[in-house]
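In the block that follows, a single chain appears as structure tokens, in the form predicted alone.
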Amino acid sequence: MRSVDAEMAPQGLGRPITVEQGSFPETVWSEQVAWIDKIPRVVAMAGLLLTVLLIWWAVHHFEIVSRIILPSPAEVGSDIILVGRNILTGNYMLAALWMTTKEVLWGFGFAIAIGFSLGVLVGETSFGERAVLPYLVAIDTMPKVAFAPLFLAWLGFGIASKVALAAFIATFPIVVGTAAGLHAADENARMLFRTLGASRWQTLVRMKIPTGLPQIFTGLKIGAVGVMAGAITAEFLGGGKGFGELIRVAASQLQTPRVFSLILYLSVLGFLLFWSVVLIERKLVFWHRASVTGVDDRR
């Protein structure tokens, strides 16, 4: 039992009123966590992988899809081991993997340089926003694979054409992320810098870029995913000595276990590139929460 002062009671009542404990509903809001979110990450990932493998095995076992087209998980696992041994022994697959890695890294480097420069132009100037951005959007809406023959004709069948297409695909997300980041600065902070007499360059370097780092890194992470697709697409269409060419040859010979195993190793390469960007973001943007990418994932 708890008392309510007479001052709080309705007029005309000279004595305090008593209220039963627990008669009022809880007014503090609390988030209800679903049961699926309580599952530990390792258990959830292992369970999801096991489910996919079981469905894959069932489709193969009951020949829902032809076994020539869809190999069994065991066949793919065996070929993954063979490819791994070939890479570790320094055989031709190691050279092919290194070639694809160079194409991806060079392409990503050029995409960062070009995308950041164009992003600053779009985010900082009216000319960039009104004149340059519409052309960038128009180019990005075009099927980028259609540009591969042009890059091959201009740059030849060497590594340059692969790097160019990889950078071409990864550039636009970096442009958008950079421009959005530069616009994310608070208006009060802008006014403070103007009041202090900061130049446009000082405002950009000391306030806009640091404030916009979360959006900039979002563009970098999207670009890190796209750059791999650009390099492999260029190898499909223009030959080369990388994993894309090995996949093309294996597919033409219906060696589907080899295709699956090579794709897996490419996904590992893309995973490493993506998480390299995430780790750099953790160091530079430690104050920003981005649980979707794992930057602040406490579960």
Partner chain sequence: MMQNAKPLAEQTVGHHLARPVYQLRNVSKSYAFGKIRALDPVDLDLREGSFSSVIGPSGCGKSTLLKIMAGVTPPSGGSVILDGKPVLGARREIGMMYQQATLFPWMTVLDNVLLPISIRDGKAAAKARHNDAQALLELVGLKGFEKVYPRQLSGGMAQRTSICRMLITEPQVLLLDEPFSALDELARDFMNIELQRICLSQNATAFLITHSIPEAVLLSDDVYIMSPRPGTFLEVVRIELPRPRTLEMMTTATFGEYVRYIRSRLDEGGVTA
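Source: prediction; values computed, not measured. Positions refer to the first chain, counted from 1.
One more form of this protein should be noted, the form predicted in complex with its partner chain, which is absent from this view; the next part is about it.
Against its partner chain in the model of the complex, the set W106, A113 and K241 makes no contact: no member has a heavy atom within 4.5 Å. When its partner chain is considered in the model of the complex, L192 lines it closely, a heavy atom lying within 4.5 Å.
Interface membership of G156, defined by any non-hydrogen atom within 4.5 Å of its partner chain in the model of the complex, is ruled out. When contacts are judged by a 4.5 Å heavy atom cut-off, T89 does not count as touching its partner chain in the model of the complex.
Within 4.5 Å of any heavy atom of its partner chain in the model of the complex lies no heavy atom of T141. Residue in contact with its partner chain in the model of the complex (any heavy atom within 4.5 Å), chosen from A198, A180, V83, V120: A198. Partner contact region in the model of the complex: 183-191, out of 126-134, 215-223, 165-173, 183-191, criterion any non-hydrogen atom within 4.5 Å of its partner chain. Residues of 195-232 that come within 4.5 Å of its partner chain in the model of the complex, judged by any heavy atom, are T195, L196, G197, A198, Q202, R206, M207, P210, T211 in sequence order.
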